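Here you get one chain, nothing else, as structure tokens; it is the form predicted alone.
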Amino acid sequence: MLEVEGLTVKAGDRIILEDISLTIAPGEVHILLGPNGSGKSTLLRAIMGMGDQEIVSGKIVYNGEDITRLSVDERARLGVGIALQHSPALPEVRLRDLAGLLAERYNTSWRSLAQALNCDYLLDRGLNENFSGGESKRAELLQLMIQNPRLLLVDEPESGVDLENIAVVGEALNRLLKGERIKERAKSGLIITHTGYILNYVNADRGYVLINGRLVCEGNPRDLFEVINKRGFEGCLECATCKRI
């Protein structure tokens, strides 16, 4: 579903990501861990084609097609979707209007999704205008669920969200990843997490640790998270539970 091959990315004169390679098979969900400023969000945005960073070398292949130089909207049409950690406020755009436009574009029914995400009372408000962390996440997920992408890129779904809303967000992500099939996951995902709460809802297949712009190890996401909780991110470089990259 996704192959990132030797990806090096810079912003201005600074290298943010260096020689990143990872592969996500159809139906797999991978977790990305790392300290603040390590380049996690930059990686997701590079895969989506967002931002003003420059790809120095490497390529991004989605579903067998090289998308390295495609625009954001071209990638979205192919089936790549992203939920940002911090969504911009657009007071002039009502959530209802945006949901309707997306539903028309992707031929999706959206009202039942809004109800499932408890977004009904947000529909006539400006997008993300004075939204709480949980409201912003639910509104972002509503847009992602309407798009119904085959590859989900999710940046810290627990950020700024209380425990009650984490359950709503986690269950919505799990529903989106499974699609219409219960026993077989229909889609793939790459999810950034700091707290690890999302692992209570999404059965992730593999985890990576990103430090200073480089993937340093990979392994079982729960094992990695346990090591990080006990010994910090640097502990992943010394433990025997993960594979060095």
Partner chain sequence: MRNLQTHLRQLRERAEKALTVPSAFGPDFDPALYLKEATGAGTADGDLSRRMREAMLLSGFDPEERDRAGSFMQQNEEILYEEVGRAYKGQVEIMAIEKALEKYDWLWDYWWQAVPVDADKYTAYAALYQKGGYFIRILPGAQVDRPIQSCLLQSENESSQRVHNIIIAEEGSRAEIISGCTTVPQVETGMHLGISEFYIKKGAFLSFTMIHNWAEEFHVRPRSAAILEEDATFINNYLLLKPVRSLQSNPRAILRGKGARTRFNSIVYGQEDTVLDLGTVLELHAENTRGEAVSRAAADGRSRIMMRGKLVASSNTAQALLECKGILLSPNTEMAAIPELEVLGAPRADLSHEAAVGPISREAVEYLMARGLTEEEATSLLLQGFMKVGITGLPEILEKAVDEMTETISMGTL
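This one's a predicted model, so the numbers in the text were calculated from it and none came from an experiment. Numbering follows the first chain given and starts at 1.
Beyond what is shown, the protein has a form predicted together with its partner chain; the following relates to that form.
Student: Tell me which of 34-42, 211-219, 65-73, 193-201 has residues with heavy atoms within 4.5 angstroms of its partner chain in the predicted complex?
Tutor: Going through the listed ranges, the match is 65-73.
Student: Please tell me which of N118, S159, N174, N128 lies within 4.5 Å of its partner chain in the predicted complex, judged by heavy atoms.
Tutor: In short, N128.
Student: Thinking of G12, L17 and I55 as one candidate spot, does its partner chain come within 4.5 Å of a heavy atom in every one of them in the predicted complex?
Tutor: Result no, not one residue of the spot touches its partner chain.
Student: So in the predicted complex, does any heavy atom of V168 sit within 4.5 Å of its partner chain?
Tutor: No - in the predicted complex, heavy atoms of V168 and its partner chain never come within 4.5 Å of each other.
Student: Hey, in the predicted complex, is R105 touching its partner chain, heavy atoms inside 4.5 Å?
Tutor: Result yes; R105 sits at the interface with its partner chain in the predicted complex.
Student: Considering non-hydrogen atoms and a 4.5 Å limit, does its partner chain approach G27 in the predicted complex?
Tutor: It does not: once its partner chain is placed as it appears in the predicted complex, G27 has no heavy atom within 4.5 Å of it.
Student: I'd like to know whether L84 contacts its partner chain in the predicted complex, with contact meaning heavy atoms within 4.5 angstroms.
Tutor: L84: contacts its partner chain in the predicted complex.
Student: If you apply a 4.5 angstroms heavy atom cut-off, which residues in 136-157 are near its partner chain in the predicted complex?
Tutor: Residues within 4.5 Å: E140, Q143, L144, Q147.
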